[in-house]
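Consider the single chain below, provided in C-alpha cells and representing the form predicted on its own.
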Amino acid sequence: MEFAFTDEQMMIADTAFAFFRENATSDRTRKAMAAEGIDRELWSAFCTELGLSGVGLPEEHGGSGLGMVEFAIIAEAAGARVAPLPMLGLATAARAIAAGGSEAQKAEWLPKLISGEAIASCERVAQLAEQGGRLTGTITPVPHGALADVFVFFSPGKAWLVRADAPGVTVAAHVTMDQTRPFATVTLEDVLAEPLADPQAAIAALHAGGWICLAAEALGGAQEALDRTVAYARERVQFGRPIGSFQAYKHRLADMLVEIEQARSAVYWAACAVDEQSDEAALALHAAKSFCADTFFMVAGNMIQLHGGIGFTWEHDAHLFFKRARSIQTMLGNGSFHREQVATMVLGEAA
C-alpha cells in the first residue's frame, strides 16, 4: 500500500480544508444547532459548488469515481470544523445503494443524494417484522432521521430502501448531546419497502464507508482540538510565562500528538485497504473506528481541561468537539465491539 498522497489527493485536501475553514464557522454551526441541526446553505455549497459530494460514488450516476482515501480526506476536513452536515448518509446509505441497489434505485436516488437535493440516512435494525414486503418496527437512533428523504435499514443478510414519505412512516426527532448530528426514532407501520438487489454488497459498502467516515471525522476533530489548544498555550500567560512552557502542560500536548499520529495511520490504512480490496480491510476498518474514536475523545477531554475555566463554558467551542467525540464513540458499534472483532481476527479461538 502507498500511504503518500498523490498530487491529486493533495489538491483535494487543500481545497476541502480551505472550504470548511472559510465556511464552517462557529457562528454558522451554532445557528444550525439552534435550528434543525444542519447548515443547508453549507451543504448546498459543498454538493454543488465544491463538487466533492460524489467522491467514492460511481461516475455514471453523477459521482466522481474516486476512492475511500479521497473520501477520508474530505471527512477529515469536515470533522476538523465539526461541520453540521449529513456526510454520514453519503458514506453509508448512498454507498449501500450504489453497491447493492437495483439499477432503478441507483438512477433515482444517487443523483439526488450527490447533488444535495435529497438527504439519506442509514441504521441497523434489531427487531423488524416483515410480511409480504411490508415492514413494521421501530428503529433508533437514526442519524439525521428527521431530515432524511430516504432510509436504508439493514439486518444480517437483508437491506431495504424506505422512502421517508411512504405511508406508515413516522419520525420523532430527539434533542441529543451532539446537536451537530441530530438523531430521531423512525417507526414503520406496515410500510411498503424496497429490498436492495444485493444486500450483502450493500451492507459491506455501508459499513466500510461509515467506519471510515467516522474515523476520519474523529481524526480531523482531534487534530483541530490539539491545534487550538497549542495556540491557547502560547497566548495564555500565568506566573509571567506562557502556560505552554510548563513541563506538565507540554507532556499532555505530546501525548495528544502521539495518539493523533497513530490515528492518522489507522484512517488511511483502512481507506487504502478498502480501495485496494486488501485482505486486511476488515481488520483495518475495525481498528480505525475504535482507535480514532477513543483518540478524539481523549484529545477533546484534554482540550477542555487545558483551556481551564473558559474551556467549560458554552461560549467556547471545546464543548462542540467533546460532544462530537462522545457521539462518534457510540455510533456504528462502540469501541468494545470493534476491539473484540480485531481480537477475533488476530487471535482466532484464543480470543
Partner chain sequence: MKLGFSPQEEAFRAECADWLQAQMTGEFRDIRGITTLTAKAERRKEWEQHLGEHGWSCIGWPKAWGGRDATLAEQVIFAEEYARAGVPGRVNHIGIELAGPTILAFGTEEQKRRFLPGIAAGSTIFCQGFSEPGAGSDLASVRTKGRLEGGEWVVNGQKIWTSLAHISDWIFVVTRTEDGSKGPKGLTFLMMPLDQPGIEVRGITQINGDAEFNETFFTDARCPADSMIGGVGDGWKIAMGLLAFERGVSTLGQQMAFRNELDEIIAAARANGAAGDPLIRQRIARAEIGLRLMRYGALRMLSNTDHSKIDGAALTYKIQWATWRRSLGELAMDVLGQAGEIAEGEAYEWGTLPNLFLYSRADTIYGGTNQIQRNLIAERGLALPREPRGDL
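Numbering follows the first chain given and starts at 1. It should be emphasised that the depicted structure is a prediction, and the values quoted were computed from it without experimental measurement.
As for the form predicted together with its partner chain, it is not shown, yet the points below apply to it.
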Next on the checklist: What I'd like checked is whether V258, S265 and L283 together line its partner chain in the predicted complex, meaning each has a non-hydrogen atom within 4.5 Å of it.
Outcome noted: yes
Next on the checklist: Only one of A146, L135, L253, A204 gets a heavy atom within 4.5 Å of its partner chain in the predicted complex. Which one?
Outcome noted: L253
Checklist entry - What is the one choice in G168, P111, P141, P242 with a heavy atom within 4.5 Å of its partner chain in the predicted complex? => result P242
Item to check | Interface stretch in the predicted complex with its partner chain - options 186-194, 233-241, 157-165, 101-109, non-hydrogen atom within 4.5 Å | outcome: 233-241
Item to check | 4.5 Å heavy atom contact, D317 and its partner chain in the predicted complex | outcome: no
Checklist entry - At the 4.5 Å heavy atom threshold, is E8 in contact with its partner chain in the predicted complex? => result no
Checklist entry - Does any heavy atom of L52 come within 4.5 Å of a heavy atom of its partner chain in the predicted complex? => result no
Item to check | Contact label in the predicted complex: M331 to its partner chain, heavy atom within 4.5 Å | outcome: no
